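Here's a solo chain for you in structure tokens, the form predicted alone.
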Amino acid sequence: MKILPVRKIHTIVLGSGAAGLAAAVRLSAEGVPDIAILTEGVRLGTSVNAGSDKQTYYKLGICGREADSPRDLALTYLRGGSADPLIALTEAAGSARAFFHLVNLGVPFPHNRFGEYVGYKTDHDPFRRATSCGPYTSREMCRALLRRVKNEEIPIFENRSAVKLATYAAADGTRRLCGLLALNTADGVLEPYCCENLVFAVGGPGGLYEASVYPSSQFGAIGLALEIGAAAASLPESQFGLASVTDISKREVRSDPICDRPESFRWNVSGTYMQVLPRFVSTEPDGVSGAREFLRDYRVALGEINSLVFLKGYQWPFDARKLPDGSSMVDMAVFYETAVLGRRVFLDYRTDPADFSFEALDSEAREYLRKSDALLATPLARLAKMNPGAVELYRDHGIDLAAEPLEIALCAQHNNGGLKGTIWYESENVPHLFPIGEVNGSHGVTRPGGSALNAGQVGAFRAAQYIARRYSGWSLDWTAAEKELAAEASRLAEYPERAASQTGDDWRKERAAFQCRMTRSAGHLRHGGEIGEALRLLTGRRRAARPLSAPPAETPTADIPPADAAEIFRNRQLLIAQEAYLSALSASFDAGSRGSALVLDPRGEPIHPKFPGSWRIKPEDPRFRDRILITRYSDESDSFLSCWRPLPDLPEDEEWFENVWRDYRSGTVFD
């Protein structure tokens, strides 16, 4: 593999989703010199390919009579437990500025005739802070931000797949970031980049799971940072929820100019998709025979079943606290039908559930539909009335809800954890590395729906501010940086060929195997024995696949196409990430069942008589809500280690104007 000479760029943004684009825009606005975006493609990733019925942006409440403040918003972020109060307050305080920045860039968030940006209630939200501009909110954000990036003439290097982050030992003994290696997937050349700062906006770990609602083009790259020892927080705290998984590879799709066509259309069936009360139908694997409505197996009263389905609209993520009598029984029923019985599950919007009546619904569901003028004859009619864009969205992808049911499954959707950052979104232990967006583990056990979009935008503001005021010059030891990059390039140049010859498997088979293992071992049901066995396999696989210190005397001659080489490199970082996640999951069992995870324990409590007897859950230990799980790679043990760290208190108010003004003028607020 050809290696190009080292290229020097002051601040690199890795990733071109909503967080990465916002970071580039804000770095330019702050006057940071020599910025560039490296990305596999601006049409890839979660931000431009994901959404829901009306994709939510969560912000400070700025409408109506409900009083709100950054401190109140921070307390909401902290309600689920294990979230850093300092980060929570930071994201709350930056919410309004980040939101109106998007408004000023042209993102069409709705307001009333007086200019108030109205809101609605979302999951884990005690107020009406949520807003949306439709199913494609994050895509609209990317479009607006990309327009500004182009207006600012910020360079974008596409077809670059990062394969390694580089560090060297600084004078104080810490290892600081100094650059990265990227594979140019257009020509197969390995490109070393030396940089003062790296804004790491690579998204969530979309490539880890088989059952996933992440877009098929989103894999994440957190493994690159975990490999160099960057500390992570709350890795076990994921979100799982019901999502469509329909294969559209052979359908006529109305293409969008910013979005690559996936093989399957993965989409959250949250919000209105649930509130209109579709039929839940289970079939044999052929998708036709043995069709039956199955939710009534879990409840006697039909009105109660449908009311729980309605609640899934704004209680969309699976939640251990909503069992056995809450809305998460719907998730468990779908999972049992698919993962245990081997059947397929569909939402059918064409007719009402059997024996359906509005009168049998609880008052909350009935009143919601009445106020929405949606007391109509079919789920599809109700959906078209309440949210016509939700119907059109599927039609755009070749799926006509009036002609066919929609296949669904319980899927991985979001990781609340990620890399541990400071209040300025710099890695807490790798200087000059700034993880922002989903890769930053800024949320705890639960989070309000849509708060991830706010987190990415606030992170972009904060990282840009800090870089402009603390890292705007060059401080690199050029000799040490270039030496490290050259050594890493030498180690990795022949890695794809060696990896292919060692495993003898197609990279697709290897990925499918570990994705299946992750879904089975580390989904919403978690068993210590399964996780331990998977972790042993992964640790051995990583150690066997470690790049050599120098190219072998006789390098393999296999001709690996650039696209396949990129996927082999991607498997490497995904395996590293999976090992870190499983290690953290194993260390988290003492906290019990919480958030989107049920920890199975033979001494625990049964969930439902319908489920296997081994499905007994370990109750949550609430003492761990005030602690955060920190995970990082240890050179000494050659493994990932985790520990519980006490959380600080929410800071006292710092509101005396003269003092804040003095600290701002002196720059000490950026310490």
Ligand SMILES: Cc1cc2nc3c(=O)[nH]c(=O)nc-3n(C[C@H](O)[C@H](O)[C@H](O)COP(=O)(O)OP(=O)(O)OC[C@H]3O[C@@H](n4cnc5c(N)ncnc54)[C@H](O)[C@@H]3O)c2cc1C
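In this text, residue numbers run from 1 along the sequence as written. The structure presented is a predicted model; accordingly, all values stated were derived computationally and were not measured.
Although it is not shown, the form predicted in complex with this ligand is what the next lines describe.
- The single contact residue among Ser596, Ser82, Gln578, Gln218, judged by any heavy atom lying within 4.5 Å of this ligand in the predicted complex, is Gln218.
- Residue-level contacts in the predicted complex: of Gly203, Pro278, Gly223, Gly417, one residue has a heavy atom within 4.5 Å of this ligand, and it is Gly203.
- Within 4.5 Å of some heavy atom of this ligand in the predicted complex lies at least one heavy atom of Ser52.
- By the criterion of a heavy atom within 4.5 Å, Gly450 is counted among the residues contacting this ligand in the predicted complex.
- Proximity of Ser161 to this ligand in the predicted complex: non-hydrogen atoms within 4.5 Å are present.
- Interface membership of Gly41, defined by any non-hydrogen atom within 4.5 Å of this ligand in the predicted complex, is confirmed.
- Contact with this ligand in the predicted complex holds for none of Gly241, Thr246 and Pro317, as no heavy atom of theirs lies within 4.5 Å.
- Look at 626 to 634, 52 to 60, 640 to 648, 608 to 616: in the predicted complex, residues with non-hydrogen atoms within 4.5 angstroms of this ligand sit in 52 to 60.
- Residues in 373 to 391 all lack a heavy atom within 4.5 Å of this ligand in the predicted complex.
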